[in-house]
Every structure is written in structure tokens, then in C-alpha cells.
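Encoded as C-alpha cells, the following chain is the form predicted on its own, with no partner shown.
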Amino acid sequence: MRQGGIFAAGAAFLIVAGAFVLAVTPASFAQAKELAPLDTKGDASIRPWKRYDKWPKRDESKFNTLAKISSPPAPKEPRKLSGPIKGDAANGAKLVSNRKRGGSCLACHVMGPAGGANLPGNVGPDLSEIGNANLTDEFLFNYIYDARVYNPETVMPPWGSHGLFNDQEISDMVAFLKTLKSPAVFKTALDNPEKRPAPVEKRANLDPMENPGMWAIDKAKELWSKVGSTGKSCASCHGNPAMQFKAWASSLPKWEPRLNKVLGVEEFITRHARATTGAEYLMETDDNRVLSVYLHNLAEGVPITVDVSNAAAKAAYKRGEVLANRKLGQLNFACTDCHGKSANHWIRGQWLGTLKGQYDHFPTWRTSQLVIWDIRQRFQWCQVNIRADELPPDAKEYGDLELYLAAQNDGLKENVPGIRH
């Protein structure tokens, strides 16, 4: 048996891939040995897609997703005010620290006494003395309402035009900002984002005593030997996975012409198992996750090297780059807003790393969730967190985005399962 699930018997053998059967002769062996059997007909995840039970339930259909453009456009000019703003500064102080509408202004700004100066971020400028800047009410109002009217590339959410705050609430926030005239006083050094040290992951992620994600490998080994409806198991064709898959996961995702899209490890597991053993390991189910952890772990220490050399893969990479820069959701954030423009800064108490370093540890154990997440679930959560509708995990858009992200992590070594908050 050979890596990729090819069944050989003498000079000719059969490859079952979805509904077709291909006879392979010695002359075509070199080409055929690269084609692992895949189910190419059905979906690889639950349909219709349903958001996870514990995730926020909101109607975000009128905002951009990775699959469609639908957000309201940026205003072409600032709104004109009839006179000075009359706002309630005390209510404004409450609103800027309200975490129920997109994380609050403190997620990105130090704002003096607001919110007790508890772990504010520093993605945006320190506003503790903005009351001394002699900015007009109209400017402050419009910058909160939709900062794109002054800076099209801003990472500031369009709080007003995307309906997160109404005009009176924005007026109250303006009134509060005008009271800020003294440097922030922090209760502890950690509350100051300029002095807060960047986190360093020091836990031994391959030690099952420290990382419960390692337990997935034992479960995966059980599934590896489990006979499916076809009478075969993974072990029927892959008797020595440690040798056959010692670098395999580090080469995915890749362009798969039979599916006309990018194929990652988790979707490969679903489609390959369905075509060979008959097992139904849908993406983002526990069985799929543990097998993904196992296959990635077999490539432990192997540098990530994805192939973007052919024309189709190059096109997918470019689409992924476009998607990484697309503004999504009610908060109007792109991947590159957090992991590009704002990288190496704090958003509240969360450190924003660069794109390089966001992939090599997936699938990863989430200590805050007590569960394993693969990279597609991480994509979904990022979108839900910025108030955008997520896509099913086998969506073509996620494949393009994953290929782009994996390429940014080229050369980093597989280190799975990771362990993160």
C-alpha cells in the first residue's frame, strides 16, 4: 500500500474516487499514484450550516462576508451639524466602555478614567487628553459615526453608519471625550498597554499533562483501525502512518482539480474516508478533529511548505489575499486589520500577532473553550466576533484563505496540537 490510499495488485489496480473507477496501467502509474481517492460529490460538512449553540445569535446578513459584498458604503462627506453637540458626558463614559456592542472603545484606546482603565488596548491612539486638542464637535461626531469619511483605510469601526450607536449616543460619547484632559493613571503596570509585555507561550504543548489536546492522538489511533462500511479501515492501506505521513500535513492545503478548489487536511479526511472506508467524518466533528490532530502531529517539526506554483494555485492564493483584506461584518474588520496594520498591539487584553505564526499550531487546544479547534473554526469565530456571518467549513472561500495564510507561514515547523487561550 502507498501513501494516499491507492490499492495496488500487480500491474493494474483500481482507484475509487467518488463515482468513477479508473484502471491504472504501469505507464500511467507515476501520475496515478498522486491521486488519493476522494468523494467529489457531496458536502464535507453539515448542511444547512448552523452556527454553534454557544455562539452569538445575531442577524448579520446585511454586512459583508467572505462570500458576498453587502455592507453599506462609506459616506462621501462628513455629516453637517446644525450647532454644538448637546450630550450627556456621564452616559458617554458608560457607552465607551460598553462591551456588548463590539468590544467597546477601550478595546483599542486608552481613555483616562473610562472603564477604570482596566486593560485598555493600544491599536488606536491614546485619547486621555483629547479634550485639549481643540477638535470640533462635528469632527469628533463624524469620526465616531464613520471614520472612513476622513481615512478610507481606518481600522475604526463605522459605529454610526453600521447601526451600533445612534446619533444621541454618539453625541454623548463626544461630550465625554471633551472632558478628557489629563494623562491616564493606571492601577497597575499591566493596565498600561505600552508597558504590558507581549505574551510568550511556554507551555509544553506536546505533554499530555499540560495539553489535553494530546489525548486526541489516542482516540485517532482507535479510529485508524476502525473498520468502516466497506470492510476497510485506514490501517488497511496505511499500515505505518508514522512513515507514510511524516511530512504530509505540512504540504496542505493544496489545489485539488477534482474539486475545483483548495483542499485542506480536515476536508481531505472527510472525502478520503468516505471514498475508502465509508466512514462519515464530517468537518468540525470530534472524529474529524482528532484525526486532523494526529496527521498534523505525525509531521511534528516539519517545515510548512505549500505549493502555489501552478496557475490554479496561484489564482487561489490571490483570491485568498483579497479575502484577507476584505472588510467584514458590522465592525468592518479585515484579517489584515488585526494581523497586519494592528499586529504587535493589544486589543483590550488580547495580543494581536502577525499572520506568520497564526497557522503552525492548528488544530489547537483552546483552554478557554476546553475543546480542539481547527483552522476553519478559527476563521468562523473571527467572523462571528466581528459580527459577520460565517461560512460552512468546506466553503471555497475558506480554502483560498487557508492557502494564503499557510503560505505566510511557510518555513515554520508543524507544532500540533497547539495550546492557546
Partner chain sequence: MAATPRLKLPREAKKGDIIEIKTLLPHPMESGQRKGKDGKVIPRKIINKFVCTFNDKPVFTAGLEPAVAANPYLEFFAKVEESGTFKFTWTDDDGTVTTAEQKIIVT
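Model, not experiment: these values are computed from the prediction. Numbering follows the first chain given and starts at 1.
If you look for the form predicted together with the partner chain, you will not find it shown, but the lines that follow are about it.
Residues placing heavy atoms within 4.5 Å of the partner chain in the predicted complex fall in a single listed stretch, namely 49-57, out of 356-364, 49-57, 36-44, 64-72. Using a 4.5 Å cutoff between non-hydrogen atoms, G131 does not count as a contact of the partner chain in the predicted complex. In the predicted complex, the partner chain lies within 4.5 Å of some heavy atom of M209. Under a 4.5 angstroms non-hydrogen atom cutoff, the partner chain in the predicted complex lacks E194 among its neighbouring residues. Among residues of the shown chain, D167 is not one whose heavy atoms approach the partner chain to within 4.5 Å in the predicted complex. Contact here is defined as any heavy atom lying within 4.5 Å of the partner chain in the predicted complex, and by that definition not a single one of E77, L135 and F139 is a contact residue. Screening Y317, W224, W215, W248 for any heavy atom within 4.5 Å of the partner chain in the predicted complex leaves a single hit, W215.
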